[in-house]
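Have a look below at one chain only, the form predicted alone, in structure tokens format.
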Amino acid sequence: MPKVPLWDLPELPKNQLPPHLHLQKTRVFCNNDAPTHTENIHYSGAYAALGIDNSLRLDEFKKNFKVKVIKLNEDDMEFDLIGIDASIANAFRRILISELPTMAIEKVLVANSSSVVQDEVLAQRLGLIPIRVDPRLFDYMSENDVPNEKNSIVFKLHYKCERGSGERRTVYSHDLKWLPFGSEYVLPTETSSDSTSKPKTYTSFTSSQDSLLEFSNNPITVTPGIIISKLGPGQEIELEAHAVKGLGKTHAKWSPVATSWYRMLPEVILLQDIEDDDAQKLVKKCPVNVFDIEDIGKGRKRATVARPRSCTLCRECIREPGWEEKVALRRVKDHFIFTIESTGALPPEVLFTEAVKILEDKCERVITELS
């Protein structure tokens, strides 16, 4: 690279970094051997020699921060978080996985189980079945609390494969029946001689849950189609399953998301025109069809970047010698593609809104402690 005298260098706009430093600050360079410039530069005096203040300013953050919803349906949501640090995106991910409450089966009372599945394995499988109910309508239950209509949900499962049927039967999650009046199993310590009084059960519901406004037209169900067990002729399962409110950091069965993840926005740049045979070769290199070919006339063709968002940065396009001078792969450090897969308890957009509230509460507690 030829040396340029200092007085011949172009003047830079005030309070702006040179282009190469700006790229190093805002992009991760995905080279053939390894990524570079992966660190985030937060130190306020990092560019003091250039007369540039690198401090975080609230007004700039408000100006740059954006949320763009890309895809939204009943179970999945994909959106872009623009203008934030990776630590904030990771905080949302961790909160979604471990700190949003849901209802999950915690206690299983087995009256009869002659299937090949052990009782403890059966209880584990029941606990992982997502319950479609808003957990915000229920209270947490401590060890000293009595199960009632505000902190518990009771399901009943009774399935039998007749001995003469000659075939195996499959028990599914939708065979669980909601008991709005609570448990039907009488406590073994109940020895009341008064036949007029109602015997005590494992729950103490003062009213039926379906009489409550929240559930009168919206019965509590579970995600259907999940296999619980398979029964042979003569085998039977009869049990009660009691669900309570909990957090994913206690057990994964209380996590409201099947998964939640993010990735930095890929950036694919063609450093020079790639035409004809090289264009065809580039298109065939990419396994996710990031590149396309356009006709530029006179029988000539040129490669273009058609779907940069689909790039997984597998680096197949730059793996061979000489291609790093033609194609540049980068990631934008402050632009995250965020995906939420809900288990069904709450819609994904509600889950993210609740995660924002929890992060806000955490920040307020820190400010209160420091003030």
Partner chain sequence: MGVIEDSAMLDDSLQGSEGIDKQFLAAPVKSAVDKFQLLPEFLKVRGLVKQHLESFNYFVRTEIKKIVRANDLVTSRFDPSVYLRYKDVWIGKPSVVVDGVTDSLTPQKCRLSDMTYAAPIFVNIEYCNGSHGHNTHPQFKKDVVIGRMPIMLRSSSCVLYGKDEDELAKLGECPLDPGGYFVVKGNEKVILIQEQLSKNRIIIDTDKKGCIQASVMSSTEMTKSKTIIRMEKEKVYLVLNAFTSKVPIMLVMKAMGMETDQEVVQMLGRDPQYATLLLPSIEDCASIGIYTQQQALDFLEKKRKKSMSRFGKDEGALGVLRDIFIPNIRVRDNNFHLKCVYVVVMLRRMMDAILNKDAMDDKDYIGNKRLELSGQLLALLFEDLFKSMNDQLKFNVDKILAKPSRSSRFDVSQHLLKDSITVGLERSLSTGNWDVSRFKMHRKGMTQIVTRLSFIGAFGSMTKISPQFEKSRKVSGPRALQPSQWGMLCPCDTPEGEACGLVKNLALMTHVTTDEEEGPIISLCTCFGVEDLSLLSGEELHSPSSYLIILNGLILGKHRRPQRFAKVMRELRRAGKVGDFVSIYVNEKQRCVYIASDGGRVCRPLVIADNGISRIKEHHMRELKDGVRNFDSFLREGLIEYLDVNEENNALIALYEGEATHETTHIEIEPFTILGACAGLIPFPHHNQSPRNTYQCAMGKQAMGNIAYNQLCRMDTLIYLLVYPQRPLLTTRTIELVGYDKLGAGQNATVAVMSYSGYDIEDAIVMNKSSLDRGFGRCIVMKKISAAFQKYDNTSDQFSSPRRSQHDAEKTQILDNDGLASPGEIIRHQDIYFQKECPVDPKGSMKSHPSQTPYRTSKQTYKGAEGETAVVDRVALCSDKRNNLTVKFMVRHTRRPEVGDKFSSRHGQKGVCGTIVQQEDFPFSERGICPDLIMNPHGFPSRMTVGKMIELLGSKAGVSCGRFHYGSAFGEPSGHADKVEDISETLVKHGFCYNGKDFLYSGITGMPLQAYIFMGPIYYQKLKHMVLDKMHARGMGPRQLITRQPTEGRSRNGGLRVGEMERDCLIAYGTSNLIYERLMISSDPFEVQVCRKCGLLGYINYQSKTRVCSTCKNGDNISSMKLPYACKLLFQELQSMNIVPRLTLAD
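Numbering follows the first chain given and starts at 1. Here the structure is a predicted model, which is why all the values come from computation and not from measurement.
The form predicted in complex with its partner chain is left out here; the points below concern that form.
*Asks:* Look at the stretches 200-208, 216-224, 261-269, 170-178 and give the one with heavy atoms within 4.5 Å of its partner chain in the predicted bound form.
*Replies:* Heavy atoms within 4.5 Å of its partner chain in the predicted bound form occur in 261-269.
*Asks:* According to a 4.5 angstroms non-hydrogen atom cut-off, is S87 in contact with its partner chain in the predicted bound form?
*Replies:* Flag for S87 set to yes.
*Asks:* How about Q280: is it within 4.5 Å of its partner chain in the predicted bound form, going by heavy atoms?
*Replies:* Contact with its partner chain, no.
*Asks:* Examine V121 and determine whether its closest non-hydrogen atom to its partner chain in the predicted bound form is within 4.5 angstroms.
*Replies:* Contact with its partner chain, yes.
*Asks:* Should L346 be counted as a contact of its partner chain in the predicted bound form, where contact means heavy atoms within 4.5 Å?
*Replies:* L346: no, not in contact with its partner chain in the predicted bound form.
*Asks:* Within 4.5 Å of its partner chain in the predicted bound form, heavy atoms considered, which of M141, I293, I97, L81?
*Replies:* For this set of options, the contacting one is I97.
*Asks:* Its partner chain isn't shown here, but in the predicted bound form which of R136, H158, K249, R163 has a heavy atom within 4.5 Å of it?
*Replies:* After the contact test, the surviving option is K249.
*Asks:* Heavy atom within 4.5 Å of its partner chain in the predicted bound form: which residues of 305-337 meet that condition, in order?
*Replies:* Going through 305-337 in order - heavy atoms within 4.5 Å of its partner chain in the predicted bound form - the hits are C311, T312, L313, C314, R315, E316, R319, R331, K333.
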